[in-house]
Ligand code: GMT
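Shown here is one chain on its own, the form predicted alone, set out as structure tokens.
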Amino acid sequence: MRIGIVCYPSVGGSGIVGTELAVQLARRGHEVHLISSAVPFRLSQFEERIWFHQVETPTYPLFREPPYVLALANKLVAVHRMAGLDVIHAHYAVPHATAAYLAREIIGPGAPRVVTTLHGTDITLMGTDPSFTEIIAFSINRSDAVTAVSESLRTDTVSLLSIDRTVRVIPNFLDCSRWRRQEPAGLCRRLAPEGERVLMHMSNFRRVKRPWDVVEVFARVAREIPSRLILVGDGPEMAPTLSLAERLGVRDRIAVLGNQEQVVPLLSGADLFLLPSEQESFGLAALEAMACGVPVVVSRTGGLPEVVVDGETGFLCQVGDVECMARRALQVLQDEELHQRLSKSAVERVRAHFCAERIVPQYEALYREVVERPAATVGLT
């Protein structure tokens, strides 16, 4: 098939999953056209059968804000007329499914089908804002098929929005041939030269990730055992988080690495991964840690309980309960037998449920279904 994938180029989960899906589909013989405002974060090397199309949004004095949706819709039309797309797969309802709907209306008969994947922010944040509720629901209802990355997100979508589309759950995935623990794990051990236990947090450092809780937990752990904290990523809450670390007296034990594309070597050197988010529609960072054999301590929120099995691959605590998280962290770090059991179970769970070879065929089957469906039954035109 000829598949157009529309995603953000950023470090966030939707852009990562959209890009990884493009790579996996191309390797399975499909022709894939990635459409975004910049080269996606994880598209770091040449891949046969992947074409990248950049959306350029001109600025004119007439517009206070660049009209990205219009430029994206126009680019989708151009790509279809060049390549004859069978499917446009939009990652996020707004703005991507909205632009895909406009493109389909412009193209008319023979237009590609539209599959929309919901990743979370478009529902849990924008979906509750009256400024966007109607357009999000419209974009979902005009899609030919809709998926969500977790059962939690599917439930939120149905409860928050007036939609008449069936929302199917297809979880996020990893290329398990690449996402596995590497030995020796040199970098983190160089950052902990005296054999300290290594804790890690990886995110976009926004308020929803609660990175200050990471520091609170680490400070409690560091009082009990020699340890280091590795922070991967960047965002608006980084500076306040480091200021808190200064006040708690642990700043000198924290390494800040910024955004990193190759995180498997980093995760392979970690002993524990912390993700105390207020909301996670899936929790891709936790899945990546588990794939590398790192036990996780995470919030019991959103889709995280669908990824992390409490007491088996890590531990779940209530949002904001830093005492629980610190207690669980110390339990894992001080009990080597428990650590090894959690590590082994984490890897087994990822490989049993979240590898690309299990998930990507579900998208392929969905594409075939919407393409083969009689045109009269597609959409709500």
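One-based numbering along the sequence shown. Everything numeric in this text was worked out from a predicted model, so none of it was measured.
Although it is not shown, the form predicted in complex with the ligand is what the next lines describe.
Item to complete: Work out which of Ser227, Ser152, Asn172, Thr241 lies within 4.5 Å of the ligand in the predicted bound form, going by heavy atoms.
Response: That would be Asn172.
Worksheet entry | Listed residue that, although the ligand is not shown, lies within 4.5 Å of it in the predicted bound form (heavy atoms), from Asn141, Gln279, Thr133, Gln260 | Comparing distances to the ligand in the predicted bound form, the residue within 4.5 Å is Gln279.
Worksheet item: For the chain seen here without its partner, which of 204-212, 252-260, 232-240, 99-107 has a heavy atom within 4.5 Å of the ligand in the predicted bound form?
Response: Going through the listed ranges, the match is 204-212.
Worksheet item: Heavy atom to heavy atom, is Cys292 within 4.5 Å of the ligand in the predicted bound form?
Response: No, no contact at 4.5 Å.
Worksheet entry | the ligand contact at Asn74 in the predicted bound form, heavy atom, 4.5 Å | Result no; Asn74 lies far from the ligand in the predicted bound form.
Worksheet item: Should Trp179 be classed as touching the ligand in the predicted bound form when contacts are defined as heavy atoms within 4.5 Å?
Response: Trp179: no, not in contact with the ligand in the predicted bound form.
Discussion item. Quick check on Gln24: any heavy atom within 4.5 Å of the ligand in the predicted bound form?
Written reply: Because no heavy atom of Gln24 falls inside 4.5 Å of the ligand in the predicted bound form, the answer is no.
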